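In the block that follows, a single chain appears as structure tokens, in the form predicted on its own.
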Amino acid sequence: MKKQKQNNPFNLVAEEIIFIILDLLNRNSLAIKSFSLVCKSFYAVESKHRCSLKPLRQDRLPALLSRYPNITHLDLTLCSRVSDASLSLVSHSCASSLRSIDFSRTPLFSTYGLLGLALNCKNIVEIDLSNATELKDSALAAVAEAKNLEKLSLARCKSITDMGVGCVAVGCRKLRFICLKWCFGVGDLGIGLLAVKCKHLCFLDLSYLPITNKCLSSISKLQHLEELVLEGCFGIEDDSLAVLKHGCNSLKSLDVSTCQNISHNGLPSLINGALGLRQLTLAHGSPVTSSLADCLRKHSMLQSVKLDGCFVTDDGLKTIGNWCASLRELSLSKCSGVTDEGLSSIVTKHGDLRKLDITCCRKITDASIASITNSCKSLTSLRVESCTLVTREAFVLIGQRCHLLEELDLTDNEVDDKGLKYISRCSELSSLKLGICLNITDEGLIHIGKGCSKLVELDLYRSEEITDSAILAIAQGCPGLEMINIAYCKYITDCSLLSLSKCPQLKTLESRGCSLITSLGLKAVAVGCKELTKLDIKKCHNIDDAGMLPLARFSQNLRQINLSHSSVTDIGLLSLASISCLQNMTILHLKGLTPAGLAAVLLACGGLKKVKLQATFRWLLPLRLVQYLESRGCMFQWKDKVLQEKLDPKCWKLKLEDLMP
């Protein structure tokens, strides 16, 4: 045995070379696991190499932290609960190495646990406590002991106040990034303290805080501030912005979305000194007129402008077209008032655009598509959802002229097979959305399968003429496919799932309402797509317990499943308990589900974080059981709607057409 060990060639491979190999395998967890099992030396080196950890449950932390001694980033978002004891273990095991930790969506730890972490992990620079709605000021006082902290996320921490933020401001002087979005208890006092004490702040998110002009003067003095988010700050008005007239010189990104009280009169004060401004978001705000656009004319560095949901005028768009800046990104999603004339005036002047969003611009026609494709041939992202006046002929131009496209959204449009034939020339395409495209058939999708080999995401929601032949072409031509939506494609059968089973990287399969698929097809997907994380088979009535058993055996990465209106019973559900990753389960209107079976399933699935059930089960399950599961970190959503066909918001047009004579 000793001689065999000495002759093992793998033991001669230098550790540095193994590190390089592991770096190349970084995104493939299954490959890394297989690699580490080759021999003991590879196993030992992989343990030393790993720097980040994302455990499924807190009970696995002791073994994981023992095996991996060099963890710098710890992500606990998949854990349904994290106790103080677990935090104590982390703070002692990773005392010298830990630099960042993510608690977002992770409940049940207390101030004591945070204090131990902050005191013991001296090198920690990043903490994410987002969604900790019960977090109090005392917890922030504990966080303030992390003297080297640079990044802190507190989004939706609705119970904290100025006092807690003040503790952070005094204790964490090196802070560079802080997010306080939806922290409704934080006002001018807390923000003022942050601005005065944390002079190195680069990023400040104050979305939906009840702040006024009182804290703006302090913010304007932050010499390193590059990104400022004031979305939904209704207390800020034009008159109050005058204090910023000579400040914020370092600002590169500004978001004043949903600030209804900021207009072209106050905006110049906000950005007057920020000549290096690169990104500006004015979504859902004041009308975009020539006056508003004119006040931005001198910002020659501006590259991204987002005006989603605003009313825009032709004069406003023409003024934007005359800016000296060369825009790379423009978003006009759901902007009323966009016309061919206004849009053409922008795209003809900003030919270097890389990203353009004209979702729901319902007044534009083929003329706009012609202008876009003729002027902006370097586009990598184009979103044209629900542009109802654009005819099928216009989509041919996209394929003829915009060959660099990586993302294309044509949801709810008149595109047909001819259009897809030309779009298939876009060989760099990775995301294609064709939901509610009623004119496309297998012929068009076969062209896509042949021409777009880099496709990762495909949405065919309610594109009802699609059959198994189209899915076969996609599966054969796009081996790297990770997400496909074939919901309500009524001609899809098990043959499509057999084809998709040849896509080993498939992570998301949405086949809701495909009534012809059965457990046989689901078995093929389970065996072939071992990285599957999200599965929606709602209203797949022919899928029963026979489909759950292969999932339980082969789909160990499955995290989210919707089984509503299927034929699965207690037995099939109980088999899913072997999937340790499973966290989110929707099980409405299962005729074969009994209270006793449901109770057994809920107890057996130890990692569940969210379960959606019919309200009738609320009174049939033992109260102590529900309380126990909630204490374990599981959240219940009780639905009391009777069984009925719901009007799909994406399918309103189809329903209206059915009603017309």
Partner chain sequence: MDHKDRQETCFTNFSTQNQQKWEFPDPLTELLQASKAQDWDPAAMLNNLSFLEQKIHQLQGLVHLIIGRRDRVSGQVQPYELVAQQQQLVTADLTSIIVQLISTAGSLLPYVKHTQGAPSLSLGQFQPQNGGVSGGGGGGSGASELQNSVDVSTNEEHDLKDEEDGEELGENLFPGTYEILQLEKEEILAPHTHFCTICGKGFKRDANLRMHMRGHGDEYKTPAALAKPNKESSSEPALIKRYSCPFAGCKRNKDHRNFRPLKTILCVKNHYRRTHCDKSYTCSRCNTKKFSVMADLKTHEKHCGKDKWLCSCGTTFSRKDKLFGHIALFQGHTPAIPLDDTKGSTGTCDPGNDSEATNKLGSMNMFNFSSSEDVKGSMEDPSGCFSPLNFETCNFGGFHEFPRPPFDDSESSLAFLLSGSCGYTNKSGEQ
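Please read these numbers as outputs of a predicted model, since none were measured by experiment. Positions refer to the first chain, counted from 1.
Not on display, but discussed next: the form predicted in complex with its partner chain.
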item	value
Residue contact check: Ala139 to its partner chain in the predicted bound form, 4.5 Å heavy atom	yes
Interface membership of Ala599, its partner chain in the predicted bound form, 4.5 Å heavy atom rule	yes
Heavy atom of Leu135 within 4.5 Å of its partner chain in the predicted bound form	yes
Distance check, Lys33 to its partner chain in the predicted bound form, heavy atom within 4.5 Å	no
The unique member of Phe184, Phe311, Tyr112, Phe234 whose heavy atoms fall within 4.5 Å of its partner chain in the predicted bound form	Tyr112
In the predicted bound form, the one of Gly419, Gly449, Gly572, Gly190 near its partner chain [non-hydrogen atom within 4.5 angstroms]	Gly190
Within 4.5 Å of its partner chain in the predicted bound form, all of Ala85, Leu119 and Leu625 (non-hydrogen atom)	yes
One stretch from 482-490, 268-276, 293-301, 160-168 that, in the predicted bound form, holds residues within 4.5 Å of its partner chain by heavy atom	160-168
Residues of 463-485 having any heavy atom within 4.5 Å of its partner chain in the predicted bound form, listed in sequence order	none
